[in-house]
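Consider the single chain below, provided in structure tokens and representing the form predicted alone.
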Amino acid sequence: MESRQLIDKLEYAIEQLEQARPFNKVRFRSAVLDVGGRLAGEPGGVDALYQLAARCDRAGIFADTPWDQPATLLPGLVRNTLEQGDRQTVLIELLSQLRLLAVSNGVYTHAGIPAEQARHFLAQVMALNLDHLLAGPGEAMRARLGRTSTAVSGVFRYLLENIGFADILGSLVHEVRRIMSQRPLQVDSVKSMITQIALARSRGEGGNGAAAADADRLVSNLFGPTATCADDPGVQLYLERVVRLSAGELESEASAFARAMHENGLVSDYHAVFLRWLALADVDLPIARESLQALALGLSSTGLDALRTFHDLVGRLIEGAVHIGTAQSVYGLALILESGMLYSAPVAPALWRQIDLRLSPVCAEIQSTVFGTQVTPATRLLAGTIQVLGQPLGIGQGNNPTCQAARAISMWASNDPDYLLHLISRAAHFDEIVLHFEGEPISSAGAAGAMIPLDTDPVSVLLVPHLDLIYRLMGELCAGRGDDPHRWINPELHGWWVGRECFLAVDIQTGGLRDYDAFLHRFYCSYHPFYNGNQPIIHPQPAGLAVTDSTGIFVGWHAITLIRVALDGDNVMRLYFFNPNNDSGQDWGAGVKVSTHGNGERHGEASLPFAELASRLYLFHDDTEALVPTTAPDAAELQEVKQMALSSWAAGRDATAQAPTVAGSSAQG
């Protein structure tokens, strides 16, 4: 529905609320909140809510609620409301924030709170909830609120644009670095935030302390990472300067770009321009072109060797994919070269095919609709392909229940890149992919254009509708088998390396625990190095989590990938895994807080101590014949893990309880 129509509906609902008697306000409040929630997801919707926030307050939207007396509100409680409240409670909270913004800006006067106090309150709320700005809704919020969860991010972005940065600059820079330590593919929100920081700093906001220095470094890494572009001169003037650089200055230029890129995983547009100039400009350079390219990409001897071996291919990839609108592909290209992926015989030919791939009209239209027309659809998809291959752990599912498809794309990019390239070419050119289930072909024909995830990367936008359809069809073929369909789906969907044995902690008919002691014992024997003969995880393995919120309450089932098990710097055995959620740094309650950096994580990995991850696990795969008899797991630790589960997601799931079932289709995500 158009924003104007929703605004008209909202004004009518507010009018009804205004006319209602005090004892009858609650009857008309729901209509205001319902329309307001839908409006918040529309372009310009949050601003429209802001304009009407004062009127809502006067009409009695907060009557007989804790928000009726704003002076008594505590900023530390806002997060709990957002994470635990139902849809209407969350919308009341957001509307209260917009009301306080109107007070702080002086456009609305409330007897209970002065403007300066309102501004201070909002600054504290922002500092405590910055993750909602950069990472979007988490698994728990998405499951609880659905599409309304996007309103939270929208309101917080609006608040930040209007209250300034002075009080939260340090926290904001820290949050940007925390998000980027995970190296996500989708960085538009982060770049937008850095742009806002740059504008604030240009206005003199933020002072001159350590936080200001960190903010300036973040801004310079994105908008002026080298001496030649430090003043952000614009592309044309920058190119005029570059052609006059000496050999030493060119080396310094290339190295500065690489340092800035690898520091946070963000790529400056000037970096893309410089790399294209090196690859395509018909000019004589005072130093070997290849050497400058290697410096600009930050390559080690391994990457340099790959660059020399596949020089023509790299040149075509730069020509076809690296543009101002797709600058992030530079980072993906650097990581592809460093990984040695191109030495796998099918990968280079598959990339040559991708370079010249003719997109179907449907595919081209989808890419343009989602990402705009700054570059061609083929360029966008090629750049996205390079990013996915270079950063397989950076894939996110967006605000969509598609963790299975996101996990599959990540696993193929990590473990079977030529197969992923095959699927991309089939979907992009023929609008169809065909996978097999127990020998029978399953087609995704008709999936293109259906249920497009709008907030993910170009490869996911292309493949997720196809994979979701095939995943559902596989689930239908498993109907009536009397067990979790992932037992059969995961090996058939993901690949031969998935363990053929599947261990499930939950009975799908009753939802109760099923042989849980044996489940935990087997998981320790399969994956814990102390009890499996020190066997590493050779291929990433799919697993299923029972996700809980910050109070430990069960939220839903979620697909992850087990990557490796190792001791961290404090000698704690940790399990490192891939979580396709946008931000893996989640609080699952009872002290179980997922780490994304600082505990030995590689970029894109999440981790937990082994016992804590085991306490949230409900499904894993392994091969019986691969089990090596060794020391038995510690009984006391297994009992501790069991109690952690029983006090969170497994509460009430004893052998006889009629707990929530694991659905026959078992759609995770």
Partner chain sequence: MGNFDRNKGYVAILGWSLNAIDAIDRFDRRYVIVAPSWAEEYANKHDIPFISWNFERLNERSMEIAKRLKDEGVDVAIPLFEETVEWAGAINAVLLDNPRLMGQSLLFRDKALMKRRAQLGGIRVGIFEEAQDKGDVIRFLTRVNQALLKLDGDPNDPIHLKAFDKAGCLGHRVVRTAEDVDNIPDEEFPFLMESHLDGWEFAVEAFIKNGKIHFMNISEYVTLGYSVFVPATPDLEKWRPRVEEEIQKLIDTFEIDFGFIHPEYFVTSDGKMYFGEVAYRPPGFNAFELIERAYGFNAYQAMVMMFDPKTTDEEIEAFFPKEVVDAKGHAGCFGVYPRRRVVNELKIPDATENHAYFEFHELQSPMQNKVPKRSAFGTHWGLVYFFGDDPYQLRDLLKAQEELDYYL
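In this text, the rigid core denotes the largest set of C-alpha atoms whose superposition between the two forms falls within 1.5 Å. Residue numbers count along the first chain shown, from 1. None of these values were measured; they are calculated from a predicted model.
Although it is not shown, the form predicted together with the partner chain is what the next lines describe.
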The single option of 38, 642, 603, 55 touching the partner chain in the model of the complex, heavy atom within 4.5 Å = 38
Let me know the one among 87, 157, 323, 191 whose heavy atoms come within 4.5 Å of the partner chain in the model of the complex, would you?
-> 87
For the three residues 5, 12 and 24, verify that every one has a non-hydrogen atom within 4.5 Å of the partner chain in the model of the complex; reply yes or no.
-> yes
Which of 45 to 53, 610 to 618, 66 to 74, 27 to 35 lies within 4.5 Å of the partner chain in the model of the complex, heavy atoms considered? The stretch 27 to 35
Would residue 147 count as touching the partner chain in the model of the complex under a 4.5 Å heavy atom rule?
-> yes
Give a yes or no for residue 646: in the model of the complex, does one of its heavy atoms lie within 4.5 Å of a heavy atom belonging to the partner chain?
-> no
Per-residue C-alpha change between this form and the one not shown, residue 27, threshold 2 Å, rigid core fit = yes
Comparing between this form and the one not shown on the rigid core: C-alpha of residue 604 shifted by 2 Å or more?
-> no
Aligning on the rigid core, do we see the C-alpha of residue 151 shift 2 angstroms or more between this form and the one not shown?
-> yes
Specify closer or farther for residue 549 and residue 64: how their Cα atoms are spaced in the model of the complex versus the shown form, given a shift of 3 angstroms or more.
-> closer
